[in-house]
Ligand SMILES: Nc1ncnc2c1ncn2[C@@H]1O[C@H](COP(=O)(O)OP(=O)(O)OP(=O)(O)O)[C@@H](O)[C@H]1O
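The chain below stands alone and is given as C-alpha cells, in the form predicted on its own.
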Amino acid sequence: MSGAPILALRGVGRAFALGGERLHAVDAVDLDIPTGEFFTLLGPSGCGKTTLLRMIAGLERPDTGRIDICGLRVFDAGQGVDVAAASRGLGMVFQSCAVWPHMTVFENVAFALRTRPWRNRLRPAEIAARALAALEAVALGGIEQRRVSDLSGGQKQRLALARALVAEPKLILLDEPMSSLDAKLREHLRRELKALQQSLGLTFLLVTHDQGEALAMSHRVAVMRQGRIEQIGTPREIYRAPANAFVAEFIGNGTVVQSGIAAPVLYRPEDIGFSTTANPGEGWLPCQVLTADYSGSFTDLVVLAPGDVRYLVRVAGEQALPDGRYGFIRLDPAQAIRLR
C-alpha cells in the first residue's frame, strides 16, 4: 500500500428531515484510504455506513464537506462541485448483485465497456479480451456463454465483481455483497475476495454489519455509530484495544465487569480460564454453568460467578456440560481490556 490516499473525505455530512427535526445520518466524517487497502465501514443497521458509501459513489448528495478521489475533487459543498457518479471512476458491487438475468455471463461484463461514451469506446476485440480477463480473475472463465439464471448465488456475486473490475476502476465499493449468501458460501467468498484484492493490488471499500467479515478481510476497519466514526484501526487494534465501550461490545463478545471507582473492564470469552477440576488452586473462582452451546471447534459457556456476574467463557472442543454443573473460572488481569 502506498501512503497517498486514493480517497479523502473532509467534513462529509448528510441529514434528513424527521418530523420537525434534522436527523444526521452521517455527521462530519473525515477519512483517508490509501491505495491498495482493503478498508471496511462497520456498524449496526442505521449507523450511516451505507449512506456514506452512496455519497462517495455519487448516488446521494452530501449536505456538507468535500470528497477527493485520486487527488481530484469530485464533491465540494462550498464550491458547488458535484461530479456525476458515472464520471468518478469507481466500480460498485451491490448487495443484490444487480446482474442482468436476460444476458449471458460475457454480455453482463462486456456491457459496461460497450456503453462507454463514444470517445472512450473500445474495439470489439479489445472488449472481448478485457471481459474474458475479468472473468478469469474471478474464476468464472469457461462459462462466459452461460445464462445468468443458471448461476449459483456465489457465481452471481463474482460476476458482479467482474463487471466492476472490467472498467479498471480506481476504487471498488462493496455494499454488503455477501449478506444474502449462506454461511459456508459467505466464508468461501471472503477468502476469494481477499485473495483477489491482494493479487490485483486493488483498493476496496466494504460496507458490512458482520464483525467477523470485517475482521477477517480488512487491513483497517472504521466502526460507526449514529453517523460518526468511533474508531479506525487494524482488526487487532479494534478487537484488543477498543476506543470505548460501544466498540468493545459491538466487536466480538465479552463480559463487562465494574471494578469499583476504576473504569470498567472487558474480558473476552477466550481469555477466561475454565476448569471442572475440584479445587484447581489459587485464583480460581467457583461458578455454576447456566448454558453450554456447542459449535464444533469450541463451546460457549454462560457461567454464574460470585457477585452475581454472568461470564461468557469459550473453551476448545466439546464441553457438553448439563445446566447446573459447577466448575471454576480464572480471570487474568493482564488480559482485561480497560474501557474508556
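So that there is no doubt, residue numbering starts at 1 and follows the sequence shown. Since the structure is predicted, the reported quantities are computational estimates derived from the model, not experimental observations.
There is also a form predicted in complex with the ligand; it is not shown, and the following applies to it.
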- With the ligand left out here, work out from 40 to 48, 308 to 316, 293 to 301, 278 to 286 which stretch has heavy atoms within 4.5 Å of it in the model of the complex. 40 to 48
- Task: Name the residue from E176, E144, E192, D82 that puts a heavy atom within 4.5 Å of the ligand in the model of the complex.
- Result: E176
- Looking at R186, R220, R225, H209, which has any heavy atom no more than 4.5 Å from the ligand in the model of the complex? H209
- Query: Does the ligand get within 4.5 angstroms of any non-hydrogen atom of Y326 in the model of the complex?
  - Reply: no
- Message: Is L331 part of the interface with the ligand in the model of the complex - any heavy atom within 4.5 Å?
- Response: no
- Message: in the model of the complex, does A25 come within 4.5 Å of the ligand, counting heavy atoms only?
- Response: yes
